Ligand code: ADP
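Just one chain is shown here, as structure tokens, and it is the form predicted alone.
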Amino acid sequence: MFSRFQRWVVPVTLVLGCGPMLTGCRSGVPAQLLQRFEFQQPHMGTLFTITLYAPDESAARAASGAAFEKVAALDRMMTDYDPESELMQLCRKPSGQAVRVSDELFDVLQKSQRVAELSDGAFDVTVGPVVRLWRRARRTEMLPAPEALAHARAAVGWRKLKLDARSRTVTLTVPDMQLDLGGIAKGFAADKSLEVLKQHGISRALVAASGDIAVSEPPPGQRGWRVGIGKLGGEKEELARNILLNNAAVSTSGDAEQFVELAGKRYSHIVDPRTGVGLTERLQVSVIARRAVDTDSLATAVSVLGTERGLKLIEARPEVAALILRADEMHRSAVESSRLKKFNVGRAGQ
């Protein structure tokens, strides 16, 4: 069942990396004897693709099946489209009541709060009430009513979400709060998928969920997984950069498909939690880091902060890099963080 976590679709091309290195595999099978397998299943409103190297099809199917089961379980837990999900049951609890939640839901909320603090609220999982208004706006092609937006904004604010690490409890401190994990859940699930694959002896894998990609060890004989980042507003085959990833992740955030034009203005489905309004600046943000849970949430935060403040956020984080593409009616430009060159293997057409 699709739970519609998908916040955007950005063209991503995956190609095997290049290089002379050839290393062994934890499964005990020489790397040169491993075979490539690919599996796909729909989860979280998008298509999850698992590409892995295994000694045989039986091992590949068993490992990928277990990874997809983990994604499905996280989907059922964290979706805001199913009223019976753990997330939605939490949101129905009376305000001010401390509620004990599962370890994984607590972990993703805790990670969300850290990014919210780092970004001064540009990333905020309490944005659910205004996100719902903008979902309706895209369906009806009508701007949210000012009074409805004001009411929704009163329930938004990352400081209104309280976590207690010792008791693993969550408290929604004001009425009508709704949590939305659409900017972090897919990255979290991609990371968890790699963990499950590793438990099944698969150390060379890539998990792709729309614009979120997480990789472990590279393919046999390669230095990394080559990932192509699509051009802003370009065709699917048009690339802005090729990057090489090894035990890392990349997430790309933009409004290539999910937006609405109202009264002559284009509004993204990405909402600024501080204003309650969909973004109007055309940006496509790609973030590289160790974990997809970080790249997923940081890509959203940078989209909201904009180029200058977003780049400062990225530069302040060790081992994090970003590519920000922006466009208006007259110009297109690209801004790179200082660490992006570490991953670059070519621009478009290379």
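Quantities reported herein were computed from a predicted structural model and do not represent experimental measurements. Just count from 1 along the sequence shown to find any residue number.
The same protein has a further form, the form predicted in complex with the ligand, not shown here; the description that follows concerns it.
- Looking at residue 137, you'd find every heavy atom of it more than 4.5 angstroms from the ligand in the model of the complex.
- In the model of the complex, none of the heavy atoms of residue 79 sits within 4.5 Å of a heavy atom of the ligand.
- For the chain shown alone, residue 67 is not a contact residue for the ligand in the model of the complex, no non-hydrogen atom being within 4.5 angstroms.
- In the model of the complex, the ligand lies farther than 4.5 Å from every heavy atom of residue 200.
- The candidate site formed by 218, 227 and 343 is entirely out of contact with the ligand in the model of the complex, as no residue has a non-hydrogen atom within 4.5 angstroms of it.
- Contact annotation: of the candidates 133, 240, 177, 122, the single residue with a non-hydrogen atom within 4.5 angstroms of the ligand in the model of the complex is 122.
- With the partner removed from view, the residue among 50, 293, 314, 304 that has a non-hydrogen atom within 4.5 Å of the ligand in the model of the complex turns out to be 304.
- Remark: of stretches 99-107, 85-93, 264-272, 242-250, the one touching the ligand in the model of the complex is 264-272 (heavy atom within 4.5 Å).
- Residue 212 is the only one in 211-225 with at least one heavy atom within 4.5 Å of the ligand in the model of the complex.
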